[in-house]
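Next up: just one chain, as C-alpha cells, the form predicted on its own.
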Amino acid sequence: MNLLESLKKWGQEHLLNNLEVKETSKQDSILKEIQSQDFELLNKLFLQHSKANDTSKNSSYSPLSFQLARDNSQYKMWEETGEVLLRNSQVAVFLLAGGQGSRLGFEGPKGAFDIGLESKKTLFQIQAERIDNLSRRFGASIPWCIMTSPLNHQETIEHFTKNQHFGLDPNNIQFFQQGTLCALDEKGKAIQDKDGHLALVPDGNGGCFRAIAQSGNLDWLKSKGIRYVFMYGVDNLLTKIADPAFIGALATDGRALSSSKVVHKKHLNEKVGVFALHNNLPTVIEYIDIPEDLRNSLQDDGTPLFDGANIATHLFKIEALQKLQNTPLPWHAARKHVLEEKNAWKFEQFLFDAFPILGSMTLYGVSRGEEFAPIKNASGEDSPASAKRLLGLLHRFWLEESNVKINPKMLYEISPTLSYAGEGLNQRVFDQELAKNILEFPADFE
C-alpha cells in the first residue's frame, strides 16, 4: 500500500494537498513527518475518546502508606547497599527534560535556564555536578540518559557541548527524543501549519519507556551491566540524583520492581498528585482527578489520608524497563489550543500508569525541605526565587549541623562539587571555600 492509499484509508489524504508545489527539501521534511505517524493508532484514539463516557476511577481508591526513610532502622544499611551498587557501576540516571522554559519567560530548554543562583549555574549544571560528585567519590562511571523533545533537542545538545558537558565524559551521556503524535481537529483530521508541517506534540512522560528502548539506550545500559535506573524530572532544584539510600532500599526489597520518593502534602488542597491504591494496585491520582471527599479525608492525627505527594523522582530495576518497553500504557486525551485549532485533540501517556503494570512498589518518604524545590512558575510559589531560598536554607542547615560559624542573616549555596548532601563540611573547608564553592546571599531573599 502506497502512502496516498494508506492516508486515504485513515481519512488523512489532505496531508498531501499542495505538496508538489513546495521545494524538494520542504517536501522531504513534510513526508518524513507524515511517515513517522501511526495514523491507525490516531484514528483508534480519536474514535475511542470522542465517543467515550466518563471513565474516571472514583470508586475504589485507598491510601498507599509510607514513612520517612531516615526514620527506618534499615536506613544505614540501605545507604551502604546503594554505595556498593554505585561503586560497581550498576546505577544509571534517566532525566526527563523535554520541557521548555516558556512559563519562566525563557524560550529554551528549562534545564538551561539561569534560575538566579549566586553561581549562575543552570539546573543542568547542578545535576551534572551531583553526578560527578558521586562518580568521583565511588570511582565509577554513572551513565546519564537525557530524554529531550523535538522542541528542545538540538538546543539541549548545544548547551552541553558549549559547556564541555560540565566536566563529564560525553561518551557517558546519551541524548534522545521522546516520541510525538500529531494533534487532530474536532473531526479527527491531522492538523498542519501554514507551511504544511504536522502539528506534532510530545507523547507524554509515559512515552519515556518506549523512547529509551527505541533509541537503543536501554540496550546500551544493559550492555554496561546497569541494574538500577534513577529517573527524575528536570525542574526540581533539590533532586538527590542517584541517592544511594534510595537505591539500596529498592535493592533490598525482594518484591518491588520500582520505588518513588514522596513528601507529605503541605495542606489538603495542594495541587500535587498523590500515590494511592486503585483495585489494590499502586497508582497516582492527579490533583484534578481526586474526588473532593477523598481529598478532604483525614487520618486520626489530622493529617491528610491521601498524603504521599508525587515529586517525580523514581527508581526502576532494569527488568521493569524491559517489561515496560513491550507493555503499552493507556492513552489519555486532552483538548488544547493547537495552532489555529482552539479545541484540538492531543493524546499522551502518563508515567504513573506504569506502576499498576509493575505491581508491587515501595514509597520512599523524604523531607520536603531537603528534596523538593520545584521550578514551575515565573514568580511566587514554585518559582526560581522560592527554589533558591529553599536551597539556601538547606545549605545553611548543612553548615550548622557541621558546627560551622556562619552569618545568621545569610543563606548559602554550596557547590555540588564540594558536597553532595552535606558531607565533608567543617570550619576549615568553609573558610577556604567561602566566595568560591560556597556563596552567600541575604536570608530575606525574595
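Everything numeric here is computed off the predicted structure, so don't read it as measured data. So that the term is clear: the rigid core is the largest set of C-alpha atoms that superpose within 1.5 Å between two forms. We number the residues from 1 along the sequence you see.
Another form exists, predicted in complex with a small molecule; not displayed. Remarks below refer to it.
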Triple contact flag Pro63, Ala309 and Pro356 to the small molecule in the predicted bound form, non-hydrogen atom at 4.5 angstroms: no
Heavy atom within 4.5 Å of the small molecule in the predicted bound form - the one residue of Leu221, Val274, Leu198, Leu96 that qualifies: Leu96
field: Answer option from Arg210, Lys317, Arg130, Lys110, heavy atom within 4.5 Å of the small molecule in the predicted bound form
entry: Lys110
query: Looking at 317-325, 251-259, 168-176, 234-242, which lies within 4.5 angstroms of the small molecule in the predicted bound form, counting heavy atoms?
result: 234-242
field: Gly204 within 4.5 Å of the small molecule in the predicted bound form, heavy atoms
entry: yes
message: Under a 4.5 Å heavy atom criterion, is Ser102 part of the interface with the small molecule in the predicted bound form?
response: yes
message: Quick check on Met147: any heavy atom within 4.5 Å of the small molecule in the predicted bound form?
response: yes
- prompt: Are any of the heavy atoms in Arg368 no more than 4.5 Å from a heavy atom of the small molecule in the predicted bound form?
  reply: no
query: Phe176: CA shift of at least 2 Å between the shown form and the other one after core fit?
result: no
task: For Gly101, decide whether the Cα shift between the shown form and the other one is 2 Å or greater, given a superposition on the rigid core.
output: yes
